[in-house]
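Same chain, two forms, each on its own as structure tokens: structure 1, then structure 2.
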Structure 1
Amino acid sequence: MPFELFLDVRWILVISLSSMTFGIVSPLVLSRRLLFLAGTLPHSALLSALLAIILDRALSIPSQLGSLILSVVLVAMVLRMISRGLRPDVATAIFLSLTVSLTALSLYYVITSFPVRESIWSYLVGDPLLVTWEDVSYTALISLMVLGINLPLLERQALIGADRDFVKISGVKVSLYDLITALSLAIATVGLLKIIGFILEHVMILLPGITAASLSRSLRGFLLQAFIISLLGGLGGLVLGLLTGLAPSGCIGLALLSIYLVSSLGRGGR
């Protein structure tokens, strides 16, 4: 009997949309020189999701809205520290200490107080194969928001990352772009947490931009290659997961890492 690979169109859509979203977020993070912060963003997303569950039960605030607001506040807080002169690694260390500690407390409280263990599991590893059409619509909304906010502004964001002081004295309201960055990162990491998962978000935020930066010779090429690398890694990992019976989220991470290693070898290890 010939082997047949079953692909649900919903799986393809959510992985494609999520990959395209991180294909924009990753070069944004690299352009703004926020790699230290990028590694901690999933922590803030997970913390926001857990706190939102508590707020939903206590005050009937919709969890998706609550998690988004909380995440924007957390990311804006660390960007504010950096903009006021604190070294990015120091600000990130403070931010990580706060979010990890509060996440441990919130996770323990939610697990012991509310019957939502399955949802917590999906926050950690993602559930791309269990999505509904409602999830597809929600993912499409998140993707459109992030793409719509950032595509027209990526070049100026790169300039701010290259020379923040020069851009500021040129009359650009850098604080506004900081807010846009915080909003974009919060929307992407919180909005796609249940699809991609806390663990994989670390990889998808970092590797597409890093890989593209090592290959491209222009800003436009960098942005385009990061977008393509993220999309190829997402869809390739999905197919690999279905072929092997392994978690697609883990396979996506391995696919992105493989793309980086192949590109590194092609450059002679430079």
Structure 2
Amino acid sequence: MPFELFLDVRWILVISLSSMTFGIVSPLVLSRRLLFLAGTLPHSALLSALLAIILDRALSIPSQLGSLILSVVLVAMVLRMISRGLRPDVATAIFLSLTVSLTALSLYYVITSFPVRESIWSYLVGDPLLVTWEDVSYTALISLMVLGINLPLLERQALIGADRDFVKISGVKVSLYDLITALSLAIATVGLLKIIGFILEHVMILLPGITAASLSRSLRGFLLQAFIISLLGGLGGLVLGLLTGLAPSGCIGLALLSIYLVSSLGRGGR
């Protein structure tokens, strides 16, 4: 039987856009020393998505808009706790406890009250193969927003993580960059939740940046490599998922992990 691989252009588009977005988000999180947030962001995104479904039913607020607003509020809350002097690990623990508890309550309420089981499933594991053109447009909007704002600023964002005081005396409004960071992380994680899924978001936030940091020798190389690794992992995982019949989101995670392991072996297992 001849080998055939069917690729819908919508799948390629949503995975490319999502991967490029996380190719920016991941080095941003690493360079701004926000790795502790990597485990927290998907939780706040899932809670925002669930609360937005409830708000949609109760008040007719469009769930996509509602989830974006709620996600921004939640991420701002945890960053506020830290800026007020709470240790990041303590703030993360408090925030996780809150979001996980509320997620369990919201999930139960949504599943038992509204017939939206497919959506909930896609929020958890991602559903790139069931995307509609409307989903593609929404993903494009989220990605263009995050990429458009952050691409020109990414080097400065990283420099803030390297030496915040020096960036301040160089005339950069660091608090504005902090705000952009919080907004970008909140928008990206909740906006792409349906495509990437809650579980894979943990990997997509962490691995491209960590892999690139171990491979490159310069800031520009690090930023470029994180972007390429995320894109390669995304598209490679999609193809792998189609070839094996496994869930593409899981395969994307495995592809990214493989890139990390191969790069580690290439550096002598360091």
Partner chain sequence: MRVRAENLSVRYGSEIIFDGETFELAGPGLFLVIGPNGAGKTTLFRALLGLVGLRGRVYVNGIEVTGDPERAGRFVGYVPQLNLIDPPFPISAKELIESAIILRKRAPTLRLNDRESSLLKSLIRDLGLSEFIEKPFQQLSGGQKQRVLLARALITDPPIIMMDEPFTAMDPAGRESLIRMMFELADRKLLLVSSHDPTLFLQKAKAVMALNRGIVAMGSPDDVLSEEVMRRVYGRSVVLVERCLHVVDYHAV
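FYI, numbering is relative to structure 1, first residue = 1. The structure presented is a predicted model; accordingly, all values stated were derived computationally and were not measured. By rigid core we mean the largest C-alpha set that fits within 1.5 Å across both forms.
- Between 1 and 2, where do we have the form predicted together with the partner chain? Of the two forms shown, it is structure 2 that corresponds to the form predicted together with the partner chain, while structure 1 does not.
- Query: For residue 166, is the CA shift between the two structures at least 2 Å following rigid-core superposition?
  - Reply: It does shift by 2 Å or more.
- Note yes or no: does the Cα of residue 175 move by 2 Å or more between the two structures after the core is superposed? Yes; residue 175 is a residue whose C-alpha shifts (by 2 Å or more) between the two structures when the cores are overlaid.
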